[in-house]
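Just one chain is shown here, as structure tokens, and it is the form predicted alone.
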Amino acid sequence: MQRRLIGNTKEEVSLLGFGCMRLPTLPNGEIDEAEAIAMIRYAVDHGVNYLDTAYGYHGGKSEGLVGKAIKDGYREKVNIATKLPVWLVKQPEDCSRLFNEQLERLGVETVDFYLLHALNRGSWQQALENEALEFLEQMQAEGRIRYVGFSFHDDLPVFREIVDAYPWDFCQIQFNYMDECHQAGLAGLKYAASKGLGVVIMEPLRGGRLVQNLPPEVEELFRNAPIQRTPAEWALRWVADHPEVSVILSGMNKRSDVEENLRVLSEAEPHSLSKEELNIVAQARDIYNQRIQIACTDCRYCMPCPQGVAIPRLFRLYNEASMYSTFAEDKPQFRQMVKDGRGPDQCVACGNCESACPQNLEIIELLQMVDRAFGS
């Protein structure tokens, strides 16, 4: 397995990291412990030394499963990464309480890579107000945390602000060939690396959307490529091609996933894709983007809606379902928005949004289209 340095830490980590958010499950939804442990240990036996989990994964069961997987001598072979659920930190004391609970679940005395989980503008302020940075500094000084970082879901300016606010060792961002300009994106990847941070990548397959229900045009593009690769391999190699990437997390729930990812990321060196191969991935991106139905730029001039309708988010949900053919999978998100009073059913056709929209979108009619598509 290929290894890369994670920022200025000089720590060598496997390019493939085992993401423990999508472990194999039984029909009742519980983790299939025997299979999950066997898969994790198989990956470690073949060179993976980075296991990523979090407080809330699998309903709070993932950390305990990882704790079982690293018994029998496997703890010494791996780096454990887990995350502080910032949204549960209401007072400074919560940091220690949650962290101690995580140590107990994992059955360890030290966490190798510890992150503030899913930071955005709001949760970053919550972390600051509740002294999370002071907590990280204290735990690192005591040797209970080796390296500190954060995972991120917001826009690039917020990302830069967080990077510059603390001497982080690493960060974790969403990055794939469809998200080059989304959230932290390529600019954030390069910015973090320029500051000496290791960069861990999550969602390299965009939650499986880049390997399932492919548009016929993308299937044909890959089928006619001079080099035959699976959709997963195209996506993983594109991420690995960036030298700033330290670890690529993959949420593997089948042995075949582990085997394929081990093979691909053992071979995928930085700058190894040819111009022709990069062009194939760019063409796939263009095909997906051509499936966007609503030309919303998320400028938010239409907001706030007097009735509470989450207009840009509804349009984004509809566009993504159109791009990746995931209307059925995305329907629960839509139903939750309706339940929360943010759905298109709240629209009273006042027209305030349409008069404010710089794209001149017929928002009222489009909201009705979204409502029909998700079968409200």
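The first residue of the shown sequence is 1; numbering continues from there. Computed from a predicted model, the values in this text were never measured in an experiment.
Another form exists, predicted in complex with a small molecule; not displayed. Remarks below refer to it.
**Q** Identify, from the list Asn130, Asn79, Ser123, Asn253, the residue with a heavy atom within 4.5 Å of the small molecule in the model of the complex.
**A** Filtering the options by heavy-atom distance leaves Asn253.
**Q** To verify the annotation, which of these, Leu214, Val281, Ala268, Ala118, has a non-hydrogen atom within 4.5 Å of the small molecule in the model of the complex?
**A** Going through each option in turn, the one that passes is Ala118.
**Q** Taking the shortest heavy atom distance, is Pro204 within 4.5 Å of the small molecule in the model of the complex?
**A** Close contact exists here: in the model of the complex, Pro204 approaches the small molecule to within 4.5 Å, heavy atoms only.
**Q** Does the small molecule get within 4.5 angstroms of any non-hydrogen atom of Cys20 in the model of the complex?
**A** Yes, contact at 4.5 Å.
**Q** Spell out, yes or no, whether the shortest heavy atom distance between Gln172 and the small molecule in the model of the complex is within 4.5 Å.
**A** Yes, Gln172 sits close enough to the small molecule in the model of the complex that at least one of its heavy atoms falls within 4.5 Å.
**Q** Can you check whether His153 is within 4.5 Å of the small molecule in the model of the complex, heavy atom basis?
**A** Yes, His153 is a contact residue.
**Q** Does every residue of Leu249, Asp257 and Asn261 put a non-hydrogen atom within 4.5 angstroms of the small molecule in the model of the complex?
**A** Verified in the model of the complex; spot residues all in contact, yes.
**Q** To test your reading of this chain, name the stretch in 269 to 277, 196 to 204, 68 to 76, 134 to 142 whose heavy atoms come within 4.5 Å of the small molecule in the model of the complex.
**A** So the stretch in question is 196 to 204.
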